[in-house]
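Single chain ahead, by itself, as structure tokens, in the form predicted on its own.
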């Protein structure tokens, strides 16, 4: 079976490369990797870490490029790549524009589509944007839906899908490659004994006033709690950098740094008191590690984590961020409940399960 695995962003790479490594173990699979470069510089380090060299590389991003322009360029690109690679199956992950365009192109050409991390839903097409639309559209044309959880599987059944499997999330598998009990880092040394709070924020729908409001809430937290030290690996998007530098200009107990390698990020996350984030995948990683997640969004597609008590929705209003975070970390019982490790998103065997499913679908 010839498989073309598509990767566009750094989170996709983190979740897909362990799966690609597993598939390459099987002689029945002939696996080709396509990197669209939706995240260019941020992708290279992940490929190097997992020792995978893409067979196809594209640089999809352009300065100030609109989503429409990105979509047009990717559709044209996949039209050519699918002709050259001639895969039996296109393997996509999640909800990126790269995954959407690869799926649409494969559908037009009558090529089978397998969707990893299928079935996640907020049921709000604007949150996250455009990811909620992308994943619904991908699942519409997918032939094999690989749902990470039972709730995601139920969403797909309700939408009329029939070839659905529950696998767990491959991001948990990636932790098997990265966690290091003996880990040390100058970034951790900067904390100087203070409790670490990890911060990430980058989502398209949060750019502008929503991001500024949320980060000002984090600023208040750090002013009120000098026993905390915030590590903020800042997205390279200038719209994020400018707001971050402005909000934290005079705050001493924060380190704004370049995006961390996956090795550094997972190990710092595992040593954190909590994480403040608007990310998707971090919700899964942190829940597995028992690190409380304070979500800087109004919705989550990882409702299992919220129901399990690992994830708290704070939104982006600065006062709500400040008060919601402080009221929890100051309450030993509440924080303890949020800090219990959870297997709701998988136990590290998703890649093996997916490989078996694909083998049986030949």
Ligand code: UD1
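This one's a predicted model, so the numbers in the text were calculated from it and none came from an experiment. Numbering follows the first chain given and starts at 1.
The protein also exists as the form predicted in complex with the named molecule; that form is not presented, and the subsequent description refers to it.
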Query raised in the report: Does residue 335 reach the named molecule in the predicted bound form, with heavy atoms at most 4.5 Å apart?
Result: no
Query raised in the report: Heavy atom to heavy atom, is residue 39 within 4.5 Å of the named molecule in the predicted bound form?
Result: yes
Query raised in the report: Going by a heavy atom distance of 4.5 Å, is residue 76 a contact of the named molecule in the predicted bound form?
Result: no
Query raised in the report: Is residue 290 close enough to touch the named molecule in the predicted bound form, meaning at least one heavy atom pair within 4.5 Å?
Result: no
Requested in this report: With the named molecule left out here, work out from 311-319, 25-33, 327-335, 60-68 which stretch has heavy atoms within 4.5 Å of it in the predicted bound form.
Outcome: 60-68
Report task. Scan 176, 237, 126, 184 and let me know which has any heavy atom within 4.5 Å of the named molecule in the predicted bound form. Result -> 237
Query - Contacting member of 109, 204, 252, 158, with respect to the named molecule in the predicted bound form [4.5 Å, heavy atom] - result: 204
Requested in this report: Within 4.5 Å of the named molecule in the predicted bound form, which residues of 1-36 have a heavy atom? Give them in sequence order, or say none.
Outcome: 9, 10, 11
